[in-house]
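Next up: a single chain in structure tokens, the form predicted alone.
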Amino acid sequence: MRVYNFNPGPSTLPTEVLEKVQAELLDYQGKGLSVMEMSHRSPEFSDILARAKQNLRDVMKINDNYEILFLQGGASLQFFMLPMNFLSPETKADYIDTGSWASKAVKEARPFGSINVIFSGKNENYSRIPSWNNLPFSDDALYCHITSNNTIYGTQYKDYGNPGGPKLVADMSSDIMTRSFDIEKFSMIYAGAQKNLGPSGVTLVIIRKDFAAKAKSDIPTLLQYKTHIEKDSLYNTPPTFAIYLVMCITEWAVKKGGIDALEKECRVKAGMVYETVDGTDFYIPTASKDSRSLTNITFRLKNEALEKIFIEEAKKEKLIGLKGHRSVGGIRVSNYSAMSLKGIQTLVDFMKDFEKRNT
């Protein structure tokens, strides 16, 4: 029996997708070889790449104003690739610091231009997301960078209002393909695949064409977005097997009903956990109620010793990956698209039983 995998990334993948991959591992569609053995310039892989991109457009409602790229280096490489492409000492970008990864994005961007941090939640232990209406956007900023969901602190933007500000650039690594949003509010979105889209090793970049056209060309060729647009993500050998898995998972997402169906299910599952947390004082939520994440639900127990017991006993019930990030401790429930309703129900039942036995 497979465990219920609540790891924050690499995370759980749909069982039916893994079974499909297993069946095709040695012989992909009668070609006599594995996807891992194919040339990235073969007709077979070209079809995989095209299907992955089209599936993403279908699931996430991405229009033709945007290019879809598959890059490497994780979201962390985008922390500096983005400002390297667009900023100079004379230009400015706004950044919103809502957690550890947002803070790292700020740090990596500083060498390339003027970085204006218009909000930081550090002094509040990153417990909330700011209101758009109270943010001092810069009139001359080229973009405003946000981290849509904070895996460590369990907070998430509820909307992308951005009144009067520059177009957004978002690190959506941990909540992409879990809820609907208006793509036109963004100049660029990027995400490591290892939470909702596939395995580790490939990074999705969705970039508006007119934004990409403003990028510099006096930087290393491999780090130019223009390079990867012109070469259709094939300038260098891409992570072919990871892209194949993105194709399979987005195909699965299309069959489930696309982003609206995924969001509905995500909200139901998150609601089950939050209802359990809020129904008692045994579990202590760490994020402000109006900023709570649907995909990374964080809470504490009354002491670390009890949290350790919770984690160990959960493992015996085949519930793994519930330990909070090492920097904050506590419990973290990663509720990504592939986590089943049965998995969440099993967790909720365990939480209720654990409380009864330890009150």
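Numbering starts at 1 and runs along the sequence shown. Just so we're clear, the structure is a prediction, and the values are computed from it rather than from any experiment.
Although not depicted, the form predicted in complex with a further copy of the same chain is the subject of the following passage.
Taken together, the three residues Gln54, Arg110 and Ser288 all stay farther than 4.5 Å from a further copy of the same chain in the predicted bound form, as judged by their closest heavy atom.
Shown alone, this chain has one stretch from 183-191, 277-285, 250-258, 237-245 that lies within 4.5 Å of a further copy of the same chain in the predicted bound form by heavy atoms: 237-245. Checked against a further copy of the same chain in the predicted bound form, the candidates Thr221, Ser138, Asn125, Ser88 yield a single residue with a heavy atom inside 4.5 Å, and that residue is Thr221.
Site annotation in the predicted bound form: the residue of Leu301, Leu322, Met38, Ile68 reaching within 4.5 Å of a further copy of the same chain with a heavy atom is Met38. When contacts are judged by a 4.5 Å heavy atom cut-off, Asp47 does not count as touching a further copy of the same chain in the predicted bound form. Residue contact with a further copy of the same chain in the predicted bound form: Arg326 places a heavy atom within 4.5 Å of it.
Among residues of the shown chain, Ser337 is not one whose heavy atoms approach a further copy of the same chain to within 4.5 Å in the predicted bound form. The shortest heavy atom separation between Arg357 and a further copy of the same chain in the predicted bound form exceeds 4.5 Å. Contacts of stretch 23-51 with a further copy of the same chain in the predicted bound form, defined by any heavy atom lying within 4.5 Å, are made by Ala23, Leu25, Leu26, Asp27, Lys31, Gly32, Leu33, Ser34, Met36, Glu37, Met38, Ser39, His40, Arg41, listed in sequence order.
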